[in-house]
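Quick heads-up: it's one chain on its own, the form predicted alone, in structure tokens.
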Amino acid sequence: MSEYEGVWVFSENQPLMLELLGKGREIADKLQTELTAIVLGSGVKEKAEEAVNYGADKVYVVDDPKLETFQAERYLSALASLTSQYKPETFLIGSTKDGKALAARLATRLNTGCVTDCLQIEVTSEKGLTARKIVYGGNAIATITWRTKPQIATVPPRTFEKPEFKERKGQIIQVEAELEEPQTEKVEVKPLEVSQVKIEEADVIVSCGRGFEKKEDLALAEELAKVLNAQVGCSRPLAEDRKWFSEWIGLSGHKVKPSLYIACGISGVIQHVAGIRDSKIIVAINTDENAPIVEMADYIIVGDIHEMIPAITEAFKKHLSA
């Protein structure tokens, strides 16, 4: 019998944790093993109960006031202690900014492999997994297997579907962990000014590119987004070069998978395409019928965004009010 057993999931982001439980349940069922959720924090009883109702057979809880806010050393020491003691076969960790840093440190401490930003994870042999991820700036997809245990993988938000809520019974086990003292001190926390809906969670996105020459013209996209109850996004140049947005969609930014993605004046370089490839329907509005975005778009509108967006907006208004 293998020294390692079971599938674990963890994310400090609770919605992402629930998504991981869906994939973790699938893997655990194929391997005929237990699915375990790890919950760290302060006053996290409800999160532990929620994890059971979304598929976990067992939940290990480290409930400590020192874990109320994320600090890498404390979270790392808790996860390393649990992993070393209980030895999971597979460990899925949410690919957030903190989660990726945590997974890499954990893999180093355990002297095992870590595959980041996995788009697919499948059981390919007894106890063995295969993961796929985008590499070379979006020009290729790598297929990767692990040679060591535990098999650690990070998974971005909305990669896998959130499972359905079901009232289930499971073990919730309170455990103690010796927490390392952080090497840094948090002096102050200031929340970022962000929109009410996270771009990764948006069902419809109206995205802006270099075709917008003036910042005032963004009002065209905002009006269309308002009609469609959508979120406004952008490609990297509008955020990095022009500073019109604080965040962008793409390989180095947010990866999205909306039902409808409307690319307005976006050429569609491979780095941007890597962030939208999982969109269900892509509409491209561009003056260049040979732009790269056209190759992957489901619908193509060739024309000037300053003329096309208002026309589309009016068409949607009439259709939705009919």
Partner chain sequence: MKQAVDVTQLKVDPQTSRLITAEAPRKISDFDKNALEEALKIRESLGGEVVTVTATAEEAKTTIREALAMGADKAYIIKDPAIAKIDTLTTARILAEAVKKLGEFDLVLCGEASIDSFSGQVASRLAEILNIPQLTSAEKMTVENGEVKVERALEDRYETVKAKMPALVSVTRGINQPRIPSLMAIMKASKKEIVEWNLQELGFTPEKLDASNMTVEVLDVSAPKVERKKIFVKGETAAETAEKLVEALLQEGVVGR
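Numbering follows the first chain given and starts at 1. The structure presented is a predicted model; accordingly, all values stated were derived computationally and were not measured.
Another form exists, predicted in complex with its partner chain; not displayed. Remarks below refer to it.
- Annotated contacts: Q14, Y54 and A219 are all free of its partner chain in the model of the complex [non-hydrogen atom within 4.5 angstroms].
- With the partner left out here, its partner chain still marks one of 114 to 122, 161 to 169, 81 to 89, 208 to 216 in the model of the complex; by a 4.5 Å heavy atom cut-off that stretch is 114 to 122.
- When its partner chain is considered in the model of the complex, S267 lies well away from it, no heavy atom lying within 4.5 Å.
- Remark: K30 does not count among the residues lining its partner chain in the model of the complex, judged by a heavy atom distance of 4.5 Å or less.
- Heavy atoms of K45 never reach within 4.5 Å of its partner chain in the model of the complex, leaving it off the interface.
- Although the partner is absent here, S259 is a contact residue: one of its heavy atoms lies within 4.5 angstroms of its partner chain in the model of the complex.
- Residue-level contacts in the model of the complex: of V232, A239, L76, A177, one residue has a heavy atom within 4.5 Å of its partner chain, and it is L76.
- Contacts to its partner chain in the model of the complex (heavy atom within 4.5 Å) from stretch 27 to 62: none.
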